[in-house]
Structures are given as structure tokens and as C-alpha cells.
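Starting off, we have a lone chain in the form predicted on its own, written out as C-alpha cells.
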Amino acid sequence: MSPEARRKPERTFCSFDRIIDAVAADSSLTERLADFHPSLARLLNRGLHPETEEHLTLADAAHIAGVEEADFLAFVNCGAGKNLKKEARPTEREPDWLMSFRRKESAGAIPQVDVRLELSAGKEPFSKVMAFVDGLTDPSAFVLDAPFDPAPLRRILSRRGYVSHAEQSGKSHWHIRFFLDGAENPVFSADGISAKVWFEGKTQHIDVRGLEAPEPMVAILCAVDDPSCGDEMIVHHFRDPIYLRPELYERGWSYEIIPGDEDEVRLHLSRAAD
């Protein structure tokens, strides 16, 4: 595509912006992303399920392609070259439930669904996965095999009460274990950080106590940047996160300290009115 045919993006995009918004702003981006990485080509060319489309961010696309987010954003925003650095992705922490899960899995007691063939054939796997989950006799645990870590799907299933752990077992093979953990759900950041999340009425709560800096701030910003986030949130923190305030302000959010338990600093986050 000639430079003249490429439409200049309407704004600069960041990691947590949706890929559909970036594509809408730059008419050449679909073709460039499809040419950039085969997994992105399959995602974009097959037609995304509306639920996946709503949640797929540029950070997710960078992880699917296995490159550094900063370089990928430069590629999206400025048309930078394709020689991007490979992503140095940290291994996810092993949750407490994982050892017991693996024992049951080894005994053949955990149902599995594999979407690698569907994706290689250019088919949309979201409907297959959700139908599989809905049809489980015992929905407490299952395993998903995929060619990449499906971060949007993990976020969607977290709203059903599933925590998850992803493990790469080959170049194009990810093994994702899902475990139904009551009302506490994880928020997944671009770095695989998770924090406990639940709802009281329509208000979302996030507990970042126990995470090491800068993980609490990353988890909170992931939560407010999620497209499905509402206009307020309660954060359970171990201190007043003074460096969080300017980051929230840039995103149109503010917070105040409200009464909480003895072992926490409780914050009320609110989105500024348009």
C-alpha cells in the first residue's frame, strides 16, 4: 500500500486501546498487522467474535506476536519497521490451586478443549470454547490448548468466576488451566499480574494487597483500562499509592481514601464525567 493511501491515525494509541479502534483510525493497519504475524492475520481475517473484538487490546496483539509492547506500539502508531524485539515475558506465578489441578489432570480427570486446529484453519474459536464451558457437567475446572495466550478470553471467563494459569509448552502451543474460584476473579495485566476482583452490586472491587511494586499500580490501571470497566471502583491497598494519582488523572479518573478495614487503605476511584 502506498504512503498516500494510508490514512494518518486520528490519535496515538496505547497498550490498552482496542485493536478495532486502531484499525478504524488507520485504514492500512489491518493489512500491515496481517503481514506482520500469521496469528494476527488469522485473528483479523476470520472475523472476530463480538465478545473477543470488544476485549482484544493492542497489548494482547503484541503478546500474540511475541514482541515488546513499546516496539509494537511504534509499529502501530508510526509504521516503524518489522524488526521488533522479542518479548521477554515473565513466567506466571503458580497459584495455590495449581498443584492439585495438575494431579487431577494427570489422572485424566480434567476435561480439555483444543482450538489450535480451528485457528490454523482461520475459524473463530470463541463460540466453541463457550459452548464447551456451558456444556461441562462439572464446570469447576478445564484446560484450553491454544497457539497463543488468549488474554481476552481469560478476562471474559474471569467474569464467570474462573481464575487461570497459562504455560507455554511449545513454540505455538499454550496450555491454559481454568479453575472456578467462587466470587473472586483475576484481572490480567499485560505482564500476567493478577489481583482478586469481585462485585458488590454494580461496583467492582479489586484487592492488590500482597502484590509487590509496581504490580499493584499495573493491576489497577489494567482494571480501569478494560473496555468493560464501569465508572467507579473500590481498591483495597496496603498504602496510599501516590504515584497512581497522576496515571489515573491522565485517564480521566480520580480517587479518594474512604474508611476501610484496619489492614488496608481503601480507595474509591471514579471516572470523570464527559
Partner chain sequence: MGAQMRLLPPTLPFRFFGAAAVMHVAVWLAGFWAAEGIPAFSGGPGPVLAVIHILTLGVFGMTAMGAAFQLLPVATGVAHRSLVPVRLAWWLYLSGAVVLFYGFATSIHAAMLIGGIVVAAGFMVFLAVVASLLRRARTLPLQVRFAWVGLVSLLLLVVLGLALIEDLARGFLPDHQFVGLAHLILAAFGFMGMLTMGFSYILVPMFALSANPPGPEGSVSFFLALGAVAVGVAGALVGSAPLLGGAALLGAVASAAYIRAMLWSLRNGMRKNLGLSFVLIKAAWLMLPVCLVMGGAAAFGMLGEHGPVLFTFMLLFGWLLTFLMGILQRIIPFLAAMNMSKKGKKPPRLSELAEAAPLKIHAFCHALALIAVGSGIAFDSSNLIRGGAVAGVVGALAFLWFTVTVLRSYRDYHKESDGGSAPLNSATPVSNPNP
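Whichever C-alpha set is largest while still superposing within 1.5 Å between the two forms counts as the rigid core. Positions refer to the first chain, counted from 1. Everything numeric in this text was worked out from a predicted model, so none of it was measured.
Separately, the form predicted together with the partner chain exists; it is not shown, and the next lines address it.
For R266, a non-hydrogen atom is located within 4.5 Å of the partner chain in the predicted complex, even though that partner is not displayed. Among heavy atoms of L221, some come within 4.5 Å of the partner chain in the predicted complex. At a distance threshold of 4.5 angstroms between non-hydrogen atoms, C229 is out of contact with the partner chain in the predicted complex. A residue is said to contact a partner when one of its heavy atoms sits within 4.5 Å of a partner heavy atom; V67 fails this definition for the partner chain in the predicted complex, lying far away. Counting a residue when any of its non-hydrogen atoms is within 4.5 Å of the partner chain in the predicted complex, the hits in 231 to 265 run R239, D240, I242, Y243, R245, P246, E247, Y249, E250, R251, G252, I257, I258, P259, G260, D261, E264, V265. Core-superposed comparison between the shown form and the other one: the C-alpha position of L248 differs by no less than 2 Å. Relative to the superposed rigid core, A219 undergoes a CA displacement of at least 2 Å between the shown form and the other one.
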